[in-house]
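Shown next as structure tokens: one chain only, the form predicted on its own.
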């Protein structure tokens, strides 16, 4: 394992009018400190738009470095090798990446391929003895997710899911306020996640590759957000689907789903997942003593928000930089983020998605 160049950043996080102490060193490499420890050496599998975003963000990481590539497109590999100085011996395609087992220069693989490929590819990475970082959703259903968890445990490697928001400073600040009781008894959460999807021929609208439509892509943010904002696991769901364009959104590809969740405390969530409307990236949390509102709530940033105490003023840092440094701390030091990003966390979301699809199909409340 190598070390990174040293650099200093100034990071201050406001406490939004309450005595909260947010220590970034519990999430990622402490900015403003000399770091000369182990570096997580990562290969990215899937060199598409999001893989590109992750790679660019990793340039600023202190604890993680891009050292390998896995792609089915040779031209992309050539371009990325030149851009990121990747040695040829660390480059693979989708047929031969099992050979990772013989490469001691790679510690982990970040799987950023279509959802329907995650399970098989993640299991192959695990069997090659490498830690798995898998983009969300981790699979196309909970059964796949559990297979991934079991395979990684059997192989003795970690399975982490790409929940970047669990490292985002404003999100973390609101979660800490909730934990400290600043909002009182929580009553209600609203999550709105959506955008108008473009190219009708893309993999996200292919059932085999995506596992579904908007819910698998953007709706999962409201599911996960409801869980970390309320701090509970839902016990039931109801859901209703609206489809205005059955040509574009074929059978098994949801266009818009409204869904509701009930929690043990009595709190409820009302959420919207859609591929048919823009300007939908909003979380609202209501409690007996206050509220939190975030809009945008899960976009690439900057996140904006306020509570009854005032505006959230934590700085914007590239989400994927925080995420990858945070995941290095998990792997090397077992220092966990405020909300888990492990495979079990991913399975919880998949079980809820399964239940939402069942509720749409049956028109009935589904107990979890």
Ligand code: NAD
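Positions refer to the first chain, counted from 1. The structure displayed is predicted, hence computed values, not measured ones.
Keep in mind that the form predicted together with this ligand is missing from the display, and what follows is about it.
Only one of the listed residues (113, 224, 297, 193) places a non-hydrogen atom within 4.5 angstroms of this ligand in the predicted complex, and that residue is 113. The single contact residue among 188, 94, 236, 291, judged by any heavy atom lying within 4.5 Å of this ligand in the predicted complex, is 94. Not displayed here, this ligand is approached by residue 50 to within 4.5 Å at the level of heavy atoms in the predicted complex. Shown alone here, residue 136 lies within 4.5 Å of this ligand in the predicted complex, counting heavy atoms only. Of the heavy atoms in residue 118, some are within 4.5 Å of this ligand in the predicted complex. In the predicted complex, this ligand stays beyond 4.5 Å of every heavy atom belonging to residue 326. Heavy atoms of no residue among 213, 248 and 360 are located within 4.5 Å of this ligand in the predicted complex. Proximity to this ligand in the predicted complex, taken as heavy atoms within 4.5 Å, picks out 40-48 from the listed stretches 328-336, 40-48, 57-65, 309-317. Shown without its partner, the chain has 162, 164 in segment 160-195 as residues with a non-hydrogen atom within 4.5 angstroms of this ligand in the predicted complex.
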